[in-house]
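Listed next as structure tokens is one chain, alone, in the form predicted alone.
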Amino acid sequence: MKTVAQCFVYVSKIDGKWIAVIIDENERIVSLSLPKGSEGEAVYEAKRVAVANVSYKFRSEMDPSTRRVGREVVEFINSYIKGDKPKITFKLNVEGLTKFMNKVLAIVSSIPRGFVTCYGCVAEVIENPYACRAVGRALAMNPWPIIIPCHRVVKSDLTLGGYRGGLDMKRELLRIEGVAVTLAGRVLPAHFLEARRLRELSRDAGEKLLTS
């Protein structure tokens, strides 16, 4: 695992919940947490999903430019949760990703708002149709939840599957995006993207976002 030196942990609150963002010395986002009940939980999650060995500097050394990047990320998440469609104004540090994880996250980042796909379709697009479980594991360690919308991946029977933030949060994020989920926890088929369409979409957006 590659070592990323001189990172900062930026923390802030959204509606009473804590968000932690790890920012490297080049002002790229190494990882972030989902909203948590305490600052400690948020920082722990952000550090746990970082895809690089990180050495940290004291927050007191954080310069205004780095703080601005942290605020941009928190504002992005806050705006997104409120139902807006914010633009990404920051860069991601992808250097610690394995080739497999990069492929998975690039494909997932291309799923449009209002749609979902399944783990098997992602595996098919990366030309490894038996890698469904590996896809699920990669998404569970997504360093940039919401920014890379892993909540848009469900099981092949259109039930929600898992999510690091819990199924209630996954359901809520999909609701915000206009995805209809039944009381039984199943996405309506009208929102489902099959592998063929997902392959077409992934040729553009995902590769651009996950380029270091």
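Remember, it's a predicted structure, so these values are computed and weren't measured experimentally. Heads up: residue numbers just count along the shown sequence, starting at 1.
There is also a form predicted together with the DNA; it is not shown, and the following applies to it.
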| query | finding |
| --- | --- |
| The single option of Leu92, Val74, Ile81, Ala134 touching the DNA in the predicted complex, heavy atom within 4.5 Å | Ala134 |
| The unique member of Ala52, Leu173, Ile147, Val43 whose heavy atoms fall within 4.5 Å of the DNA in the predicted complex | Ala52 |
| Listed range touching the DNA, judged in the predicted complex by heavy atoms within 4.5 Å, from 182-190, 24-32, 151-159, 56-64 | 151-159 |
| 4.5 angstroms heavy atom contact with the DNA in the predicted complex for Leu139 | yes |
| Arg164 within 4.5 Å of the DNA in the predicted complex, heavy atoms | yes |
| Val125 within 4.5 Å of the DNA in the predicted complex, heavy atoms | no |
| Cys118 within 4.5 Å of the DNA in the predicted complex, heavy atoms | yes |
| CA-CA separation of Asn53 and Pro64, closer or farther in the predicted complex than in the form shown [shift of 3 angstroms or more] | farther |
| Shift in CA distance, Val54 and Pro64, in the predicted complex relative to the form shown here, given it is 3 Å or more | farther |
